[in-house]
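Quick heads-up: it's one chain on its own, the form predicted on its own, in structure tokens.
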């Protein structure tokens, strides 16, 4: 299915006496849509934070190209984050800023473009997402779906190699959830980036993913294609697909 963008090997992570991740190993495939799924509390979000350098694993390795995130210096991780786009569950937009200012913010923060270049790039990405006319509008005036699009534009403006989505459809009605699913596919197409989605939404997973990894009690139950999941006889997989283990 292609070479891995990120290689995760034997990763463990504990908080106090509670072991969240117990020797997790998987590959994030380049240029593909990769879903990491599981119930709430199974380690998905902790793994996402490790992949983005927000947490350090207790042991194991997380290789992003030639960089091992588990052992990299803070300065190396900061450079690595310039190659990542993150879309958090709540969007994490600045309500005091306009749409354009929110989208341009990563370019300002990392000093990656002149003001003119940044505006031109922001308008182009917002246009791709149907939000170009809102450039000067206050974020506080947007609907939930519009905020998701602005957050995605902000994630894509740095030309990321990998885009991370943290529970993108949680709390949304079915219509808005399906719109966000379309945004995930659109993001991959317009950026050609590797996409990593942390989710417990099986319908979206099976329809969108190229690669799926199921976590259960901090361990990988199965990592494979959606078709492999549909055909799996593993009881943990069967339970999750049937909704018995959904969050």
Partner chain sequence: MNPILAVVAAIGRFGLNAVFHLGRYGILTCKAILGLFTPPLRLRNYFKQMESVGVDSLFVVILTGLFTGGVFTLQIIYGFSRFSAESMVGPTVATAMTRELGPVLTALMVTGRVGSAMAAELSSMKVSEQMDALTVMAADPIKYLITPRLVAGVIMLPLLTAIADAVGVIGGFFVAVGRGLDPGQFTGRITDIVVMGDVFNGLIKAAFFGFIISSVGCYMGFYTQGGASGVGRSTTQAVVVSYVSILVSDFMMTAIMF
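Definition used throughout: the rigid core is the maximal C-alpha set that superposes within 1.5 Å between two forms. Numbering follows the first chain given and starts at 1. Only a predicted model underlies this, so the values are computations on that prediction, with no experimental measurement involved.
There is also a form predicted in complex with the partner chain; it is not shown, and the following applies to it.
S.K.: Note which of 63, 49, 186, 39 lies within 4.5 Å of the partner chain in the model of the complex, where distance is taken over heavy atoms; exactly one does.
M.R.: Looking at the other structure, the residue within range turns out to be 49.
S.K.: Of the options 129, 93, 163, 142, which one has a non-hydrogen atom that comes within 4.5 Å of the partner chain in the model of the complex?
M.R.: Exactly one residue meets the criterion: 93.
S.K.: Given the stretches 173 to 181, 102 to 110, 116 to 124, 142 to 150, which is the single one in contact with the partner chain in the model of the complex, using a heavy atom cutoff of 4.5 Å?
M.R.: Correct option: 102 to 110.
S.K.: Is every one of 78, 86 and 97 in contact with the partner chain in the model of the complex, taking contact as a heavy atom within 4.5 Å?
M.R.: Checking in the model of the complex: 78, 86 and 97 are all within 4.5 Å of the partner chain.
S.K.: Flag residue 203 as yes or no: does it have a non-hydrogen atom within 4.5 angstroms of any non-hydrogen atom of the partner chain in the model of the complex?
M.R.: Taking the distances in the model of the complex, the answer for residue 203 is no, it never comes within 4.5 Å of the partner chain.
S.K.: Answer yes if any heavy atom of residue 54 is within 4.5 Å of a heavy atom of the partner chain in the model of the complex; otherwise answer no.
M.R.: Yes, residue 54 lies within 4.5 Å of the partner chain in the model of the complex.
S.K.: Note yes or no: does the Cα of residue 110 move by 2 Å or more between the shown form and the other one after the core is superposed?
M.R.: Result for residue 110: yes, a 2 Å-plus shift.
S.K.: Using the rigid core as the reference frame, would you say residue 97 shifts its C-alpha by 2 Å or more between the shown form and the other one?
M.R.: The answer is yes, as the C-alpha of residue 97 shifts between the shown form and the other one by 2 Å or more after core alignment.
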